[in-house]
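The data below hold one chain only, encoded as structure tokens and taken in the form predicted on its own.
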């Protein structure tokens, strides 16, 4: 049985394919169109999924959309009328798109399937938004029974939900409804601190350790009534997202010492303290919800999804301080993962399909995107006269490890592309975590992004305890934990007006992945799910004694993670990366012809 899951029209559109309940393929549209957070119907991702699954004509049994557009449209209408006439600009801006496209999704799906050569599908189904999030968390998890929390901006009406998962069934227990939203509260501060909503929230999280929580009391007193069970209400007098085109209003600015920061302007102590303050409130809210979920369900395991579940600092606190024995977070916790949840909901909840429970999750390490064969990559390189060396298994891993240990920045393009916001070794840029220069080099010369942004470590799963105070797997880079105390080094307080000096302080013997609060956002690398990446880090450990490397996504600021060899080559040549490893082929920057922006690097290869 072939079931397609689709998410679209808000941000991070995606498609996935289930075959008899097995997740065969999943990808975000942005990776193909090269438009970051692309919200368009995922026609390219859909075609990839059909090709990966070998789906023949008229063989799609169902297509499942990740929310209910009519219900969402009703919410938009009711909200606009409730705040009229102030809501008129938002209403006028939204309605044409809804009337033209968003209310006609079955027709859009039929058209796109026909264009892709898939013919007709059996049924078009719709889940509720948080139903899809909950399904993506629980049905993909390794747990037979679990409590499920979903937390985001807003779906149709729900902004947070608590469910109980039992076998192949989900049961909704409680919801919090719009306009009261933890995700929108966090996004309001994202906007106020000068970052883009729905893409800059992780920047706010990274900025928080530089500040003090001096606005925390103000937030609790004026913005949110947070109760013991994690439920809450927002004071809407300070927000403008109901009827305006901004997140916050003048009252919000008066409360927090002036107008919002202008994007790209210098960061001040105020933004750092705002970030720390809202992060503290968010962590408290998530912890309270987790404790309530434990009391309400009696479960020892918790699953998380929704955009707020990408807050790895809050996740780490839930794991360390919460009442649950085990925690599992959907790696594509945001809207992209809704496509997976929609398909899983149809298979288990509607079709009664059984779950496979073998101790492993169903996300296959998140390696669910396109791959390219070594032969096709070599032919593509030869056609352009790009210089490369081909190495065999074992030799390639040793060569990559030697380069990293020597201080090179290496782009890894291996196997199937990752699904979700994190690069996990197949579309990654890696470097030496021991280097005190590596964080600034990667930020300023490779990623071209803000200097305060931390980098994540990839560590051999079996040796993670040597570097971090973490006693649970973190294969999807969704948990933050302290660097092991014995690795810390003494630091001195730097004046805040020299943030670069603060960033570049050596805080441990793996300084490039140690944030200012001695924490790290960790990826544990497992030989079972990514044997090549595991071997590269193992070879690096043999050379250096250190089982940890830097892992950052293979892209530059403002662009999606690379998908194809041509994407990777372009990024390689436009940055100061030293070496590119395309499958078994190694390319040195110094050996390449002069970069031509208008050259034929754009020609893509067939998907493997």
Partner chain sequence: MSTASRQVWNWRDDTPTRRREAAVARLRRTGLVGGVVALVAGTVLNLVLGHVIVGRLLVTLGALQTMAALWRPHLLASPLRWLQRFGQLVGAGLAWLLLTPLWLLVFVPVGWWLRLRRRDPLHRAPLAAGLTAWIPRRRSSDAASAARQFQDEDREARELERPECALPAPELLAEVDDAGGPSA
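Residue numbers count along the first chain shown, from 1. Computed from a predicted model, the values in this text were never measured in an experiment.
The form predicted together with its partner chain exists for this protein as well; it is not shown, and the discussion that follows is about that form.
For the options 333, 289, 525, 429, the residue carrying a heavy atom within 4.5 angstroms of its partner chain in the predicted complex is 289.
Residue 77 is the only one of 484, 253, 405, 77 with a heavy atom lying within 4.5 Å of its partner chain in the predicted complex. Annotated contact segment (heavy atom within 4.5 Å of its partner chain in the predicted complex): 81-89, selected among 200-208, 439-447, 275-283, 81-89. Although the partner is absent from this view, residue 397 stays clear of its partner chain in the predicted complex, with no non-hydrogen atom inside 4.5 angstroms.
Its partner chain in the predicted complex is not approached by residue 215, whose heavy atoms all lie more than 4.5 angstroms from it. Heavy atoms of residue 453 never reach within 4.5 Å of its partner chain in the predicted complex, leaving it off the interface. Although the partner is absent here, residue 562 is not a contact residue: none of its heavy atoms lies within 4.5 angstroms of its partner chain in the predicted complex. In the predicted complex, its partner chain lies within 4.5 angstroms of at least one heavy atom of each of the following residues of 173-201: 173, 174, 175, 176, 177, 178, 179, 180, in sequence order.
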